[in-house]
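Take a look at this single chain, the form predicted on its own, given in structure tokens.
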């Protein structure tokens, strides 16, 4: 499937969305999430508060978008890029883990902030629902005999599994002995290397558990994906 390049209007919308989420994260890092107003974010991005409301419903959504931006489309693209003979359950699991456990510096900053308040955590968890729509399209293309409804059920199940894994990650990270909420929120963002020191604040981000939590949450979905593909087993 070839996707036509976006037109000028769509490119402008993307640029505005990117400017808003970058401004939201920068201001939240500089001043703290609770001290950032929607008006501040809009002014920093060079747009009006009314325009801001066309893109995000809250400051938390904009801040979280800095770490979740386009992740759902990248997951779908990664699944589509797997060779045709690849087991679909494996392709989806690998794509999700890859996109959720390889954060850059900007994403790490956002993850540290997410642990600072319930509203940010909730917005982060809610963003997992965005996986469903683009993944439905890709899964439907792979399951030509199963139908769109089956593809949608499978994609929605993946989104739910990811949310459950993230809930467990945030809860266990924030509650780990000797680990502060902010430190714990970014723990397990890596794929298994040594602990890292982050930023001028000296925050330490140990790697580890998120990939395992994601695999465990999606493992029960594998038989359903296999059945939809007509596979007898792995």
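Rigid core here is just the name for the largest C-alpha set that superposes within 1.5 Å across the two forms. Numbering follows the first chain given and starts at 1. The model shown is predicted, which means the values in this text are computed figures rather than measured ones.
Here the subject shifts to the form predicted together with the DNA, a form of this protein not shown in this document.
- Within 4.5 Å of the DNA in the model of the complex, a heavy atom is found for all three of 13, 48 and 58.
- The DNA in the model of the complex comes within 4.5 Å of a heavy atom belonging to residue 37.
- Proximity of residue 7 to the DNA in the model of the complex: non-hydrogen atoms within 4.5 Å are present.
- With the partner left out here, the DNA still marks one of 22-30, 163-171, 66-74, 49-57 in the model of the complex; by a 4.5 Å heavy atom cut-off that stretch is 49-57.
- With a cut-off of 2 Å and the rigid core superposed, residue 215 has a Cα displacement that falls short of the cut-off between the shown form and the other one.
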